[in-house]
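One protein chain, two forms: both are listed below as structure tokens, the first as structure 1 and the second as structure 2.
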Structure 1
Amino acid sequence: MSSALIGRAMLGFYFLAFFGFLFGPLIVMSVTAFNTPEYPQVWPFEQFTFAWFQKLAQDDNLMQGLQNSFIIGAFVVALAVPMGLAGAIVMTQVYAPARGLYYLVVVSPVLTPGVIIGISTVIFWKDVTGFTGAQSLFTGMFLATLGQSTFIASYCMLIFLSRLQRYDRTQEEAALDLGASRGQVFLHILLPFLRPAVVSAAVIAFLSSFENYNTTTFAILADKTLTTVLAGRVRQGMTPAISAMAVLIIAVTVAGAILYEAAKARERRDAAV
């Protein structure tokens, strides 16, 4: 057997093992969503059914947690993306000797355990709302949004920083020399350049919020999100309705990725023309 054949065989085995490890659990969970037994199982496959999707739609706790996750995710995007953009712009404006310290400060939430962020958020805002009398703000949805935004904004900032490294500031200087204001430069030059980073940061922010557990479980108080409901279900015993939820999430994710790639391909074709 030649060395080239051995190399191809080893490469094929590596790819098979890699993709099996990556997609195997997803395939197994997807199959259990269409099997009739009460407990998730792949084999023996008794009968094909959509009953678990119907039971999922009738599960009020899961549906409420899913709704809350979408609401929190939307507010996190609205907070984290502007904060990350502001942090990235300031990073490019501060004096070089201070950039190291500034970077350490703004990235520190990423290095802080989520448990600490969740607990500190609850303690801080309990004192703030007690002092100001704004008790209506001391809710799980509000605290979870703020707690998640503190570290997700750092992720967004890193995305913007990577994009700003390719930014040509001579465009700003030319616009200012021609009489444009700082606001006009931001809206008509910088923001269009950062549009891909804005989209990427918004997607990352939403997904990070949607799947977050450590910070959310302490900050959510009496409310619930999809991750906290699922964690409770796992301790009590899973049903294929959870697998049905996973199938729907996978389908939405894949559809979103396909639509995004189709849109990017269309932009590339238009630019080529």
Structure 2
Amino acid sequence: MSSALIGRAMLGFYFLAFFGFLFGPLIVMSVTAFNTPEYPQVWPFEQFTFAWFQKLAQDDNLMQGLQNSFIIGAFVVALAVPMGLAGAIVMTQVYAPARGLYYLVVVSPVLTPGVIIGISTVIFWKDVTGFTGAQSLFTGMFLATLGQSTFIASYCMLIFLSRLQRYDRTQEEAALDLGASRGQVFLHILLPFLRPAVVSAAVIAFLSSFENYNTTTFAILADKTLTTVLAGRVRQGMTPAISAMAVLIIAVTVAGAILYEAAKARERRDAAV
């Protein structure tokens, strides 16, 4: 047996192990969603059922959480994408030595554990709203939106920055030279150029918001999102209804991932022009 053959066999085994590790748990969990026993189990597979999905639809808490997750996700997109865009544009106009400090500040949320962002958001806004008499703003939905946007805006900024690296500033100058105002340059030249990145950033922002737990669990206070309800359920005990939820989320996630990939592919195509 040649050493090349051994190498190939080892590579094959490694691939199998890696993707088995990656997908195995998800597949096992998904199978339990369609099995009848109360405790999520794959084997023996007693009978195929959709009962757990029906049970989900009757779960008011979960449905409320789902609705909140969508609302928060939408607000996070509306807040984090423009902030990330502004952050990236400012980054291109700040030079040393202020640049290092600015970079540190706006990138730090990426490197800060989510629980800390959640905690600081709650503590800070509790006193801000308390002091200004705007207690009505001190709600889980509001804080979760703010807390999530803090670091999601950094993700968005990094997406915009990587697109801006390929931006040809002379196009701006050309437009100015032809008589465009600064605002027109932004609307006609920079924004169309950044459009694929805006799509990417919005998709990433929504997905990150939707699946976030660490920051949300602190910031959400008495409200609930899909993830916090799920976490509560999982801690209470195991039921295949959660597997059923997972199957749905995996389906949605796959759709989202494909959308995102398509957006990125379009960006690459545009960049090739």
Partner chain sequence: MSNAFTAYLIFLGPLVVVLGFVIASMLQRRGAGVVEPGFFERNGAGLATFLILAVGFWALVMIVLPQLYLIDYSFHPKLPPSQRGGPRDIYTLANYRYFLFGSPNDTSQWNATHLNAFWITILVSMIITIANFAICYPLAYYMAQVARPKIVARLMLLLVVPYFINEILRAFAFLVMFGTGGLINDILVGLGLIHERIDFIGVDVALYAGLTYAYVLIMMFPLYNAIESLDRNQVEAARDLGAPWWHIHWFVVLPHAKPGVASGATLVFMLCAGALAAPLILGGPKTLWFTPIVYDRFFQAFNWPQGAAYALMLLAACMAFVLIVMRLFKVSLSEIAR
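So that the term is clear: the rigid core is the largest set of C-alpha atoms that superpose within 1.5 Å between two forms. Throughout, residue numbering runs from 1 along the sequence of structure 1. All values derive from a computational prediction rather than experimental measurement.
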Number assigned to the form predicted alone in this pair: 1
Post core alignment: residue 176 C-alpha displaced by 2 Å or more between structure 1 and structure 2: no
Taking the rigid core as reference, does residue 256 move its C-alpha 2 Å or further between structure 1 and structure 2? yes
Is residue 154 displaced by at least 2 Å at its C-alpha between structure 1 and structure 2 when the rigid core is overlaid? no
Value in Å for the CA shift of residue 130 between structure 1 and structure 2, taken after the core is superposed: 2.7
